[in-house]
Ligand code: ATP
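This document opens with one chain alone, in structure tokens, the form predicted alone.
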């Protein structure tokens, strides 16, 4: 395919082997240094940076003089010849024959990403903040995580689907939902694409995944919460039990981390991170034994309670010490703490076939086996004090033959945050949505 656009090459493509070739590069002017008869420019694009070297006598007088009028973060197009130079970064530079200004900046930049700023300030000026190669590297890693997971799912026979973000009733019956005006009615932003994935399984789709946003109206200001977050949501049918979903999720995580380790070496070097590929199988902990582990570590839980933040942190520490592993699955949660649609253990109905994936002491996903038997779903909805008429749009299809099924929703931002040890999950999304932040 022919080159499209104004450039012939990205900065990363300028190598000593191109010596004497004519090229055109474009990007942001990061710095200018002048030393008498020499002027050095550093131009940066999405791939990296390249040095532009202008020496009086080697370039035209107009090019040489005009360099002094350029400003930091201006968008420029540079035409020139590649020159091998062992003293230049990466052993190569460009000698300019022409420089075009595509866009100028205001006199003073509101954010200099080379100077450490508070996160709120960075997010106020997020576009400038994302010009920092380290911050951009986060999203190149995140993109690779998604690419590897979705490629692996397709290889295993899953197809991608899109489920509604607008729904007519709160999907989990809770209060943490955003309501929106929908013509003459009220609608809600989904908390999870869970229920519509189940309906597609009921329709016979067998193996599906959905990649998209969900919303939680939680007034939470912790470093691990977002009001809008994305997940890789997987559903499959004809399963034996929740352990089949565990195997799929393990496969996705290991594949994703292998892909990042292999293809994101430059980004990981920038971020000063080394990816450890987890061994399989991941440790699996189950209730009620989880209570015993937590009690050993000084935390007493009431029977029927799930996990709070402190419990997650302690379990992560325990797994690290006992198994030397950063991941673990927590299974068989108390049904009391879970939504109506999860499947209970028939012989021990106080426990649910509900599975969380933990990474470095933080929940990444929730899933497990779903209840596919109509009478059981109705019974459980009643136990949760749900108005049956509000969920009939979902439950009525289970009268007409639905296979055993299960799945999970793996949080993209949380996986990115913990993998790269980011202090705040807001660093793992370009434009975070939080209780106090709706712009930019």
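As the structure is a prediction and not an experimental result, all values here were calculated from the model. Residue numbers count along the first chain shown, from 1.
As for the form predicted together with the named molecule, it is not shown, yet the points below apply to it.
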(request) Heavy atoms, 4.5 Å, the named molecule in the predicted bound form: which of 204-212, 137-145, 217-225, 251-259 makes the cut? Say which one. (result) 217-225
(request) Find the only residue in 245, 331, 237, 366 having a heavy atom within 4.5 Å of the named molecule in the predicted bound form. (result) 366
(message) Quick check on this chain: which one of 313, 122, 229, 81 has a heavy atom within 4.5 Å of the named molecule in the predicted bound form?
(response) 229
(request) Examine residue 409 and determine whether its closest non-hydrogen atom to the named molecule in the predicted bound form is within 4.5 angstroms. (result) yes
(message) Can you tell me if residue 419 lies within 4.5 angstroms of the named molecule in the predicted bound form, counting non-hydrogen atoms only?
(response) no
(message) Does any part of residue 414 reach within 4.5 Å of the named molecule in the predicted bound form? Heavy atoms only, please.
(response) yes
(message) Under a 4.5 Å heavy atom criterion, is residue 25 part of the interface with the named molecule in the predicted bound form?
(response) no
(request) Quick one: name the residues from 242-273 with any non-hydrogen atom within 4.5 angstroms of the named molecule in the predicted bound form. (result) none
